[in-house]
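Take a look at this single chain, the form predicted on its own, given in structure tokens.
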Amino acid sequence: MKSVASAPAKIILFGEHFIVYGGKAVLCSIDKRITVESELTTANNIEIESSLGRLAIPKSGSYKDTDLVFRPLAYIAQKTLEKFNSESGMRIRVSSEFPSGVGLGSSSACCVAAAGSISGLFGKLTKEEILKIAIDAERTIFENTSGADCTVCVYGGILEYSKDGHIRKLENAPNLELVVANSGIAHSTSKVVSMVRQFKDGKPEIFSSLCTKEANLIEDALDALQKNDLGKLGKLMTQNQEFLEKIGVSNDTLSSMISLVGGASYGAKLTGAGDGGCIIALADKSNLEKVLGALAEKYECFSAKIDTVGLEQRAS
């Protein structure tokens, strides 16, 4: 038997970095997925295959000795085999509809899909149980992860998320049209987080003021989402981008990309850690093609809608 699970990519609409210091974030999942297929084998090892490479380790080895790319999957596989006292080995295959390392939550989606797929070999877990496994797995590479990305990958839709773990799924939220464009610049999340911490420590009053402004902005954004007010929502995205520029996580390329869609979209901003990765632009049917056209000549880009399902599982 093979167990298959998939989880969606995620986008941070509002709240990057500020959530680390007590604020909120608004996240959504989008209709691009990572799929993980797993099966038990008679071999005495764990095999992982993805577009990022291949790995084979003894199942008795330590997941800590594996490359960071494969560590969460090795962790889930080993812990699950141990939990069920299984003498089997395991084969895991990963496929993705979106690029990794660009701020779209590839590691979180992979952890969620892997947790769903691997646990599915032994029975049916609740989404809450799968979420816990996924967050524990992601912490093998990102020790201080808030869990927000895994949460939106599990439940789908648009979520309001607080650092204390409070989650609220927005009911009757609009199915936004977003354009996602990849700058092609690799970034290190830990490095960018450190940059923000240095800004906070060096300019505490300015940072505190920005935190307050961001908190107010997010309340306005939640109201705009409930009212499906795209004009207001776009302006708030652009304003959020200004805050991110002030704390130093944007760069010339991202700013240039946002300028390209300034006249076509309702608003645009970077998404994720920043200093590279992707931008998002808000559109609807009336201007979607124009926004895509403004970016397509120079950048990899695609349109996306909100995924309302989250984690999906099946046996094959």
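In this text, residue numbers run from 1 along the sequence as written. Note that the structure is predicted; figures quoted are calculated from it, not measured.
The next section is about a form of this same protein that is not shown, the form predicted together with a small molecule.
Though the partner is left out of this view, I206 does not reach within 4.5 Å of the small molecule in the predicted bound form, counting heavy atoms only.
A residue is said to contact a partner when one of its heavy atoms sits within 4.5 Å of a partner heavy atom; A273 meets this definition for the small molecule in the predicted bound form. The small molecule in the predicted bound form is not approached by R91, whose heavy atoms all lie more than 4.5 angstroms from it. Taking the partner from the other structure, the small molecule in the predicted bound form has no heavy atom within 4.5 Å of any heavy atom of L13. Checking T189, T80, Q241, T140 against the small molecule in the predicted bound form, a heavy atom within 4.5 Å turns up for just one residue: T189. Annotated contacts: V20, D149 and V193 all touch the small molecule in the predicted bound form [non-hydrogen atom within 4.5 angstroms].
You can rule out all but one of 265 to 273, 251 to 259, 279 to 287, 42 to 50: in the predicted bound form, only 265 to 273 has residues with a heavy atom within 4.5 Å of the small molecule.
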